[in-house]
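The data below hold one chain only, encoded as structure tokens and taken in the form predicted alone.
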């Protein structure tokens, strides 16, 4: 998964580069159209339109039978059984394209979320920057802390454009160190987190443009890389479990309605698919 994400990150950065200075709804609309077309193409390629059409007709016939013979329980029960049977057949005929769409949808959404799901920090903003350590961080680092007190020797390497607004606070029960950080200048800044001989980099975006923003960099693992693909994992041997901050969430305007971009993406993808199914000759 890490290798796939390493290839997808620059690809999506390149594809979304023309939309960085535009409202998020512009890019969301275009990618909804593309996904709707690809979904229709998958249905056309992997389903049998005659069987899909036949199943739909038999479901409609069962509904009509119930309406015409609504005073005959025997016919009604028989029609309901027919409806359920042919509805299951209809779903079965579209199962393969549905699975393919899900497999396409999940990595697509995971990548796009980190472009459209968050707003960058603004100059003058303060944010809490946290580093969470593994439960066995002392064993991994060979450290007992100062004077026998378990406290990690975590250090930050700050670039120009970021500064600390307060000293770090250590929470032993959570294995968490937190710094209050201030954004002094716009840019994609790289913060070095050093623990022992290892240094990890966490990117922080101070921008008002639509760019890739990653709130968390996590330990290695398939699920972490599937859901948080915007940065490489920390590595299986790292004493650090998570490095993160909280970005403001971004909503998009959709016909006087401000909502999460995924909702708009799904609505538009369905609308585009319904509009284009005729011209593309797809039966759904």
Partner chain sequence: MTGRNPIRTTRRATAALALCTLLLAPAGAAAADKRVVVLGFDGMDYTFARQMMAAGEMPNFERLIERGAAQPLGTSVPPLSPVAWSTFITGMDPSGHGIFDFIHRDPETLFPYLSTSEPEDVGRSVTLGKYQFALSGGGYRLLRQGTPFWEVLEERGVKTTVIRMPANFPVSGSASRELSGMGTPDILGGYGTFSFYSSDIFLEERSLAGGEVRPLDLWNGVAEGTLYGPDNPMLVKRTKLTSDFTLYVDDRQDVAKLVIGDTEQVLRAGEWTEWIDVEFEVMPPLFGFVPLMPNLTGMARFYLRQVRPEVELYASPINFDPYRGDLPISTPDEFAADLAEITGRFYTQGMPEDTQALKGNILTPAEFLEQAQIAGSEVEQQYLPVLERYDDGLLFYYFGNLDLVSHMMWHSMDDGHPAFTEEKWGAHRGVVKELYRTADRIVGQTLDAIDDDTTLIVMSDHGFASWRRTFSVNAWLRENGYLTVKNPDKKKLSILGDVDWSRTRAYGIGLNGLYINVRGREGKGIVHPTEKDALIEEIREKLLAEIDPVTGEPSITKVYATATDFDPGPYLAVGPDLVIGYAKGTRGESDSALGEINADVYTDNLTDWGADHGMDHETVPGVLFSNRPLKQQANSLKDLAGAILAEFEIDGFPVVAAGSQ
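Numbering follows the first chain given and starts at 1. Since the structure is predicted, the reported quantities are computational estimates derived from the model, not experimental observations.
The same protein also exists as the form predicted together with the partner chain; that form is not shown, yet it is the one meant from here on.
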property	result
4.5 Å heavy atom contact, residue 74 to the partner chain in the predicted complex	no
4.5 Å heavy atom contact, residue 173 and the partner chain in the predicted complex	yes
Touches the partner chain in the predicted complex: residue 185 (any heavy atom, 4.5 Å)	no
Contact test in the predicted complex: residue 122 vs the partner chain, heavy atoms, 4.5 Å	no
All of 203, 212 and 232 with a heavy atom within 4.5 Å of the partner chain in the predicted complex	no
Stretch in contact, per heavy atom within 4.5 angstroms of the partner chain in the predicted complex, of 99 to 107, 191 to 199, 75 to 83, 163 to 171	163 to 171
Listed residue that, although the partner chain is not shown, lies within 4.5 Å of it in the predicted complex (heavy atoms), from 137, 90, 114, 179	179
Residue among 57, 246, 44, 250 with a heavy atom within 4.5 Å of the partner chain in the predicted complex	246
Residues of 117 to 135 having any heavy atom within 4.5 Å of the partner chain in the predicted complex, listed in sequence order	128, 130
